[in-house]
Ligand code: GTR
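For reference, the chain that follows is the form predicted alone, supplied as structure tokens.
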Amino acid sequence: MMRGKWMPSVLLALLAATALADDAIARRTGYLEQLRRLLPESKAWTGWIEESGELPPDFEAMPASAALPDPLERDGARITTPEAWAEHRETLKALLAQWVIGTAPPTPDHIEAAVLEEWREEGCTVREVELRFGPEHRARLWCEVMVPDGDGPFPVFMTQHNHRAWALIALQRGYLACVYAGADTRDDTDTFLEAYPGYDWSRLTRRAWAAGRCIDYLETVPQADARRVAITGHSRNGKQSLIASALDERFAAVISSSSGAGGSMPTRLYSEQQYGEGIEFITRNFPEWFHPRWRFFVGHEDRLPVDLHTPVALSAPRPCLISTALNDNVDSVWAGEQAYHAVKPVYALFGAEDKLRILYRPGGHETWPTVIERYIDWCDAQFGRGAYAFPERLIHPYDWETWRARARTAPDPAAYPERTIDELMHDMWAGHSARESFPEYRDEIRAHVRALLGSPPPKAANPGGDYGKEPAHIETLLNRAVPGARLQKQDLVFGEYINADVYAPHKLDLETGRAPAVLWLHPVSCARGYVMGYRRGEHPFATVARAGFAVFCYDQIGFGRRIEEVEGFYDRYPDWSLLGKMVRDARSALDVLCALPYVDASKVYVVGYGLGAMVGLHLCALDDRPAGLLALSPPTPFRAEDGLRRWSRDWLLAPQLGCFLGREQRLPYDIPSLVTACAPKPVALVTAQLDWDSPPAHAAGVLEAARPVYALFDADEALVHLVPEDYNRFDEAMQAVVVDWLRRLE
């Protein structure tokens, strides 16, 4: 009888579960169809999809996080002991394998080593060895071991075949040097595929696992101290070195040299929207580096359960040195430091904070002997062979609590009423609901904006000039030569000693011409500032210049040539803000741009992307001179989830706003307020259809909130929301959207 009563409910539950599963399959199928429409063709990825039949995960069921996943958080609880970390570490490794790097086999039971050749050189013995292992010993790996004369055992410096010259420096410093065939110049890891057909590991994971086989061999070499093995590599080899350290805890130290995206740079913080080498670019151009499953997360980077700071966390508490050049276009000073902050608590759990460091070097992606000597200094310091100092140096401000303690003035949220965005817009506009009273309304917004930008230091006008303009070697480093034909460039210095480049059509007469102009405000772009790092096709500023505009470009503080200018900013200006400085620089740029003899000052437009959109919105709210604003990937409203934290506390762009965190409803202005302050000028918000950082729904809400003010001027059509079917990037298709909008205004 009980069975009869329960059968209908069980059946209903089964039917409901089936319906939910069907819904999830439909969503996942839709995601895949969307990705195949949006993404450039990748034959390797398409082939894997067709062979495996895999679908993307159900992103709707995965938690979203704009912030990096906390390595010490497990199921909402905090990891507080090394013992708990050891267990959680295995979970993180499994997630990393599932979504990014693929799975690797366990350590082989038996390894065979055959000496191919051995010879003497000055003060050392060099030995080439072939290792064989795995089922029927079908996997093989070549390595070269250089053993210094003298009493061992010696610490080991391990690197890949193309970095053999690095190993020579380590040899002269008294290390046993080990070089293995896990690089583009020599790679034996394809033999692993035949030996281990049941694993879906990527090429970089195979190469990383290969390094562990070298340790297997070194444990049999009397002259090698296998308890003190340091592994390092540069660029893609830096990526695999981090993976090796994550997979094999026998590595006593790891040095990641310019490992970039897919290495020490988290995907959430360093992708195409930050002018970096994003998931799409890597998985299409280097399809074997990572598991093809990673490509599913293009446009959904915020859903990744683990990000690329995880291999660094998995190295804890062993020494890890992250080396990056300030203007290295595969790296990002800002993203790297955010990853450092996210991982440091793992090291702190072991009392090993001094075992994690970032090492900055000048220049670009290159290395030279001085750099490698510093890498070996690090190994010496960690292995007790020398006292070398590696002080903690962080360039971008991060500690909001320290800022708050030092700031002499800060807003009091209690002084403002609680209001939703609709209430905020209604209350502010209610007292100024006539066109004649709009200036009072705008002045009220401007007063709030100025207050939350902080107290600016004194300022005097600079009419511009050429003293201090960018020298040729910096222009080369930052890739700022005139991009191709049909353009010309003028260099000048403006504001507080800031270099600018103006790109214009080659036919424009710089004495008598009158061209429309664009002030270009770039996104978070550490290595090269206003110039793209990794890109496909034309630079945005060049595309706009070819369309007939004079484009004024400069690096915002903290980027390009001005990276180090941001260091110590709040020690110098505790009551100001970086956003305030950025807006001041933009207004100084307008001073010079509008005065150029070949520019029509009545047709100066502002185009900003990401961070540049944030600056552009504040600039145009405060300054009457721009004739229009296009904000690509604009900021979400401060009252939206995570809309405030990133600007105020994660990155101290406007720390005054951080006083309202948790009390966002008391903010005296929000993103729609900035748009209405621009009325009745044209404002376009451009949000890619697939953009977790700037969702189209938020931009639509911003414009909807601003429309009543624009309607007062009969200018509703001046507010435009463009939603290209794309993900967040600024390629030539997105540039065409910008040019089309500008031309329609003209």
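Numbering starts at 1 and runs along the sequence shown. Since the model is a prediction, treat every value here as computed from it, not as a measurement.
Just so it is clear, the following notes concern the form predicted in complex with the ligand, a form of the same protein that is not shown.
**Q** Tell me, yes or no, whether residue 365 is in contact with the ligand in the predicted complex, where a contact means a heavy atom of each within 4.5 Å.
**A** Close contact exists here: in the predicted complex, residue 365 approaches the ligand to within 4.5 Å, heavy atoms only.
**Q** Using a 4.5 angstroms cut-off on non-hydrogen atoms, would residue 286 count as touching the ligand in the predicted complex?
**A** Residue 286 belongs to the contact set for the ligand.
**Q** Would you classify residue 291 as touching the ligand in the predicted complex, given a 4.5 Å non-hydrogen atom cut-off?
**A** Residue-level check for residue 291: no, no contact with the ligand.
**Q** How about residue 585: is it within 4.5 Å of the ligand in the predicted complex, going by heavy atoms?
**A** Residue 585 lies outside the contact set for the ligand.
**Q** Quick one: from 215, 544, 621, 282, grab the residue that has a heavy atom within 4.5 Å of the ligand in the predicted complex.
**A** Result of the distance check: 282.
**Q** Let me know the one among 534, 416, 196, 598 whose heavy atoms come within 4.5 Å of the ligand in the predicted complex, would you?
**A** Comparing distances to the ligand in the predicted complex, the residue within 4.5 Å is 534.
**Q** Taking the partner as it appears in the predicted complex, which of 544-552, 235-243, 292-300, 625-633 has residues with heavy atoms within 4.5 Å of the ligand?
**A** Of the options given, it is 235-243.
**Q** Is any part of 318-333 within 4.5 angstroms of the ligand in the predicted complex by a non-hydrogen atom, and which residues would that be?
**A** Read in sequence order, the lone residue that approaches the ligand (within 4.5 Å, in the predicted complex) is 330.
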